[in-house]
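Quick heads-up: it's one chain on its own, the form predicted alone, in structure tokens.
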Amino acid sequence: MAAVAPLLRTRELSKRFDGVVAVDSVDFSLARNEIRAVIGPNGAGKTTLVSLICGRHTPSSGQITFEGQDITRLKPWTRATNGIVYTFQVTSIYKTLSCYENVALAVQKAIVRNPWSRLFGSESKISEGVWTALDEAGFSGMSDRIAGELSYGHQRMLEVAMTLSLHPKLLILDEPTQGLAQAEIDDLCTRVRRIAEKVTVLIIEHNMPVVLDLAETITVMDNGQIIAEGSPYEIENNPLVQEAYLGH
């Protein structure tokens, strides 16, 4: 039986900033519908790696393929319409608009950038997509709430709803639990598991209990390189990871 090709793969991927090597010859792959966490100390190269994947940075060298296609030089918005969507560490919602309006605006922006994308359709089809995204993120009963009146945790999940409306195949979450109370973290984890039934999820996260509970595979970076990769049990008991990151 032939091996299933990964959804995303990088080969010898590197990024240098004025002589500083932020990502150093990284080979990385993601399977479909998995929850993957990338961890490591500050400055390890985690955010730079996902910025290369989503197109915010251009690689100094190496290659990125998505669904078997070379996307190394594609613009961020083209990658987004192809299915790679990145939520940022700083919540970017429109606080004076309702939850529904926030999600609808995200769809409209995507259509303006690429009117021939898979988001294109009638007004009723767009509305259906907005409602589906709201439901998947747990906002079906909160569509009329003003975004600025939501708790910080709900604002983070509203941003996730905005990304889900773009029909991602790969959803990248950067520090999604930052600033959340424990109850909000538990709720977010539940919703991420639900989302991962349809979408591959890549998480950068410092909250180790969340990482160990949520991720199926953990990738550990240090000094721009991958130093370990494996199951939560394997990573938690890896001496190199303990020394570089876990502080044991």
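All residue numbers are counted from 1 along the displayed sequence. Quick caveat, the model's predicted, so the values are computed rather than measured.
Form predicted together with a small molecule: not shown, discussed below.
Contact check for residue 219: no non-hydrogen atom falls within 4.5 Å of the small molecule in the model of the complex. None of the heavy atoms of residue 200 is located within 4.5 Å of the small molecule in the model of the complex. Though the partner is left out of this view, residue 227 does not reach within 4.5 Å of the small molecule in the model of the complex, counting heavy atoms only. Proximity of residue 175 to the small molecule in the model of the complex falls within the 4.5 Å heavy atom cutoff. Look at 34-42, 181-189, 66-74, 211-219: in the model of the complex, residues with non-hydrogen atoms within 4.5 angstroms of the small molecule sit in 34-42.
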